[in-house]
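Here you get one chain, nothing else, as structure tokens; it is the form predicted on its own.
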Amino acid sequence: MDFRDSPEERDFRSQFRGWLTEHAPGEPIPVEPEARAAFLLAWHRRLYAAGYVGLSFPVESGGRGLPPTYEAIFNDELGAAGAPPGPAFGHIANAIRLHGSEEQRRRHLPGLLSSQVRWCQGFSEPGAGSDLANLSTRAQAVEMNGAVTGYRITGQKIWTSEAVGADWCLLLARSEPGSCRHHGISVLLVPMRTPGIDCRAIVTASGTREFAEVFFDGAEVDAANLLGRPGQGWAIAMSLLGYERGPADIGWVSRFARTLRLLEDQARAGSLRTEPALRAALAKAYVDLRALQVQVQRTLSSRMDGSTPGPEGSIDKLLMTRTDQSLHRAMMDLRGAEPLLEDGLDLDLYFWSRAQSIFGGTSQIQRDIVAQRVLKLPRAGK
């Protein structure tokens, strides 16, 4: 497989690199949560206005219709320029693109891609842990004259990213009474300002308010807000998670590359500790990142025929977790006590890296998926 740029890809890379030189923010990302959110939102809108969001989306869905490899080039150049990451909503946008009705795509995709409308994803629950199929939030069908006219939602979601300030939630709920595990689950598109929804920010150990718990107390939505068919929720969720676990689809690669670039620059300038063990840790982070970048290129290349992510995405997620944790562990060792004593994002990034092996499906779950669905190995005990 040849990972070198084609002439068209080389032209795109050059154009985007030149655009970044003129338009990438020169100031650091703010530390204060609200200022940081506003800073990134403005950056994402600038990227969209310049035509750099939705590169691989079909033209009829608001994208540029380019091959998926252009997403990797986009991430490469963001990281190389030390620019802030791109928007991380590809998983939600692809779920609506692939499973939504024409009306839902027309209504929701433009605002999502342009970052004019903000979305969150309501999957995790307090009683389900990392076992998504154990969710208990209910979406009771509301009927009139024998026809389903809406859904009444009752339950609780937790660790919902960006829920505070979100306009809509892509919600996974159990819509068929008496169903269990993967069956009887549906996806609803829920306006966050619907009466009966209470969103409460979770303050993390590092003081961020990125996550929230969301309570649904009889919140009602119209039947037209159902994504796909009733009971199709599990299949849609697996499709969405395939994109969410893809480091290129949600911009992780560029974030890692940006952090590594900063560490390399500071090490060369002599402002970091450079004992042999720490230099080896930084080298390991570099190798982990390069392995991840090559795997991402391989994954995106396999989707050149228009296919959607499959269980192989779990390999990407495992490599992404390894890179995140080795990189930010090296960062903490190289910078000594500075992240603990000074304001900045370093401590946030380190804490976040520790959670990488839990959110979006734990590393244990990813290994099970690779063993059973990629390598076709039998389940334990069988």
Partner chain sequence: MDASLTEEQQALRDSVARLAADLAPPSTAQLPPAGAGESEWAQLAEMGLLGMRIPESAGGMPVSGVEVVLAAEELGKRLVPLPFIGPAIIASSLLAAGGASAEVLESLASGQRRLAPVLDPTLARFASRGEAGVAWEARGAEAGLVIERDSGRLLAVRPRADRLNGVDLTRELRVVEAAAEIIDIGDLGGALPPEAMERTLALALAAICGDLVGVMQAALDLSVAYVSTRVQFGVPVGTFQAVQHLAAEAQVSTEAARGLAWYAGWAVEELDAHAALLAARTAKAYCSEHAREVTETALQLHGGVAFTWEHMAHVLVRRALVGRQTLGDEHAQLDAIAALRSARSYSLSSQVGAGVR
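Residue numbers count along the first chain shown, from 1. The model shown is predicted, which means the values in this text are computed figures rather than measured ones.
Although it is not shown, the form predicted together with the partner chain is what the next lines describe.
With the partner removed from view, which of 83-91, 257-265, 207-215, 144-152 is the stretch that lies within 4.5 Å of the partner chain in the model of the complex, judged by heavy atom distances?
Careful reading of the contacts points to 257-265.
Answer with yes or no whether residue 23 is in contact with the partner chain in the model of the complex, where contact means some heavy atom within 4.5 Å.
Close contact is absent here: in the model of the complex, residue 23 is far from the partner chain, nothing within 4.5 Å, heavy atoms only.
Answer with yes or no whether residue 287 is in contact with the partner chain in the model of the complex, where contact means some heavy atom within 4.5 Å.
Yes, residue 287 is a contact residue.
Does residue 318 reach the partner chain in the model of the complex, with heavy atoms at most 4.5 Å apart?
Yes - in the model of the complex, heavy atoms of residue 318 and the partner chain come within 4.5 Å of each other.
Check residue 69 for me: does it contact the partner chain in the model of the complex (non-hydrogen atoms, 4.5 angstroms)?
Result yes; residue 69 sits at the interface with the partner chain in the model of the complex.
Among the candidate residues 182, 298, 200, 106, which is the single one with a non-hydrogen atom no more than 4.5 Å from the partner chain in the model of the complex?
Residue within 4.5 Å of the partner: 298.
Heavy atom within 4.5 Å of the partner chain in the model of the complex: which of 322, 44, 335, 36?
Selected option: 322.
For 3-18: residues with a non-hydrogen atom within 4.5 angstroms of the partner chain in the model of the complex?
Those in contact are 3, 4, 5, 6, 9, 13, 17.
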